[in-house]
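Only one chain is given next, in structure tokens, and it is the form predicted on its own.
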């Protein structure tokens, strides 16, 4: 049983009046059913949306007499930060957002913005699928009025731009969009670029109009969000593996019966499994479409040169934020299983782990 459910969080109760916003058409009740609203930033063909359809189907199969799930893609209810605020107050019930958006609420999430944190996708997936360990992280935002239920694979992030990027020197002076995270800003600046944090929904127009020169994300951004129309060079420097999170309003979750909560929890885990099944095949298809139909050039680079540029960023983050040290050390213990894998890890990572374990 979830012991936290009956502990009586009330800090944000006054904010629930926002749930009656005209935008959302009332207070979430339709007939005798409770309307459960989910916001996310992706298109309706994106793996996250498909995962959420699984979430919806499972909830309505098990609790269809009580709940109707409505999914709002494409930032229809606002950008991630705004949607998180709406979820805090109960105006909407769930939102999918990146960990960078959670750093202001619980700084343990900053660790995911650390460059080259994971040695491989296998290590990344093992950490994120350790639900028992990750539950400790998910609880960190309870005081802010929401809790993560599950994670979604958002792939490996690399730079893409209007001009080729072969080495960090090619980033010098370029204005590159990053997630709205101080750690991501510091990372981008360390590469030599000028970091420009902004909402994901603004990126296409910003590149098109020359406000920025490029961005960093996974391959699906090229096709699902059409960034490949305005940025023709994608460079595999593989600097981050940052998950997206399904975040639920804490008061709503507390109000569920134990049986209902178990069903919502199972629906969340099933949605992750569904999302991951679609992810790899959609990445391959995105690369094909971007290359063959949009004229995007994919560039393989020397990742070690990029790692060297940000080798101090890990240590600086560990020095400045003690709340990431335990999770960082745990991730390094998983990384050791995949020490020979590509895309991640470094001598600096090992040194930083030693530093963390010594408590310096």
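Residue numbers count along the first chain shown, from 1. This one's a predicted model, so the numbers in the text were calculated from it and none came from an experiment.
Not pictured, yet referred to below: the form predicted together with a small molecule.
- Stretch-level contact analysis of 331-339, 66-74, 40-48, 290-298 against the small molecule in the predicted complex, using heavy atoms and a 4.5 Å limit, identifies 40-48.
- Proximity to the small molecule in the predicted complex holds for all of 154, 200 and 244, with the criterion being a heavy atom within 4.5 Å.
- For residue 98, a non-hydrogen atom is located within 4.5 Å of the small molecule in the predicted complex, even though that partner is not displayed.
- The closest heavy atom approach of residue 218 to the small molecule in the predicted complex falls within 4.5 Å.
- When the small molecule is considered in the predicted complex, residue 179 lines it closely, a heavy atom lying within 4.5 Å.
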